[in-house]
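Below, in structure tokens: the form predicted on its own, a single chain.
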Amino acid sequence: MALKSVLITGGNGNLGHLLADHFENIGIRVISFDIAQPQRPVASRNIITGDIRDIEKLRSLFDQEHPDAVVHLAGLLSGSSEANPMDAWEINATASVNLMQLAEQYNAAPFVFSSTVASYGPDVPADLPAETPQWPQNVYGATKIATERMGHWMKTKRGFDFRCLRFPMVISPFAPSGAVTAYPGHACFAAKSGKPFKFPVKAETGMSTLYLMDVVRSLAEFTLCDKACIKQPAYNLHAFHFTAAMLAKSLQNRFPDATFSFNPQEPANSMIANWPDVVDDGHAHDDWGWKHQYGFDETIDALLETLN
């Protein structure tokens, strides 16, 4: 697909910034919209700060910038959503639907929405089929489903090019300290620094996982693939399953003096333990050629190299 420009909401975060780099490296102009200022400014990038709920500011953005496509990453994460459920609904659901309608009005498509396997809810099979019903027991998952369903309705009823990826746990060297799933990066940093580390989950706790750079690549490939390839309402992605014990052992093989203990914290342990170990991503393989590049060992190697 020949895109000249793309709007990335949440574009100043680590994922958004890396995705913007990817698009710019292949000649696509990026408009980055975020409530926060970028930590790593790029002089050539058009960076617009604002609240995703500010529909008039977004309308002005579409009027002035005329993006060809939208990748929607902005939103509250799970912990913040549970603490502020009404804010989560306004930001993650209502603002997302408003943004989709603006994109439709201004012919900015595809519209790529970042969702989560957390939308399936607890007590799902360890090996999760793609067609499993979604019944989350948290606000974050509920807001994601609401946006998925509205996007699918706009696609089937109006022909809007809505596309959705559901991500599992994402391992990142840049994960914020308060993120429920941030402990792998923190464990790697502790091992390199010679400091002890307490895992906030049980040794046997783990789930389906992707490395950050595979997330970036999947979003770019999914945005650029031909519309005819998109045959599912949403696509699940998966690379590997690991447990906290596997991560501790892998790091101790690299850093023999590293010391680890396990001090399960709630809701982190239960949340991750209830998520699937393997997610069926066969539709993504078959329809648009998705293949992960980072397995467990490659992810740990990449994390440690980035932490240098």
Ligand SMILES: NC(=O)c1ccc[n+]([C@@H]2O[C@H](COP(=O)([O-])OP(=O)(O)OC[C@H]3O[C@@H](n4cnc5c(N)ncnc54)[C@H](O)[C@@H]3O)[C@@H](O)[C@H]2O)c1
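Just so it is clear, the model here is predicted, and its values are computed rather than measured. The first residue of the shown sequence is 1; numbering continues from there.
Another form exists, predicted together with this ligand; not displayed. Remarks below refer to it.
Select, from the options 232 to 240, 184 to 192, 166 to 174, 120 to 128, the stretch whose residues sit within 4.5 angstroms of this ligand in the predicted complex by heavy atom distance.
-> After filtering at 4.5 Å, what remains is 166 to 174.
Can you check whether residue 278 is within 4.5 Å of this ligand in the predicted complex, heavy atom basis?
-> Close contact is absent here: in the predicted complex, residue 278 is far from this ligand, nothing within 4.5 Å, heavy atoms only.
Contact flag, residue 77 vs this ligand in the predicted complex, heavy atom cut 4.5 Å | Looking in the predicted complex, residue contacts with this ligand include residue 77, since a heavy atom lies within 4.5 Å.
Can residue 15 be called a contact residue for this ligand in the predicted complex at 4.5 Å between heavy atoms?
-> Residue-level check for residue 15: yes, a contact with this ligand.
Classify residue 68 as contacting or not contacting this ligand in the predicted complex by the rule of any non-hydrogen atom within 4.5 angstroms, answering yes or no.
-> No, residue 68 sits far enough from this ligand in the predicted complex that none of its heavy atoms falls within 4.5 Å.
Which pick from 61, 272, 258, 52 sits with a heavy atom within 4.5 Å of this ligand in the predicted complex?
-> Partner contact (heavy atom, 4.5 Å) among the options: 52.
Could you work out which of 138, 116, 223, 134 is the residue within 4.5 angstroms of this ligand in the predicted complex, going by heavy atoms?
-> Looking at the other structure, the residue within range turns out to be 116.
Judged by heavy atoms and a 4.5 Å cut-off, are 10, 36 and 144 together in contact with this ligand in the predicted complex?
-> The answer is yes: all three residues contact the partner (heavy atom, 4.5 Å cut-off).
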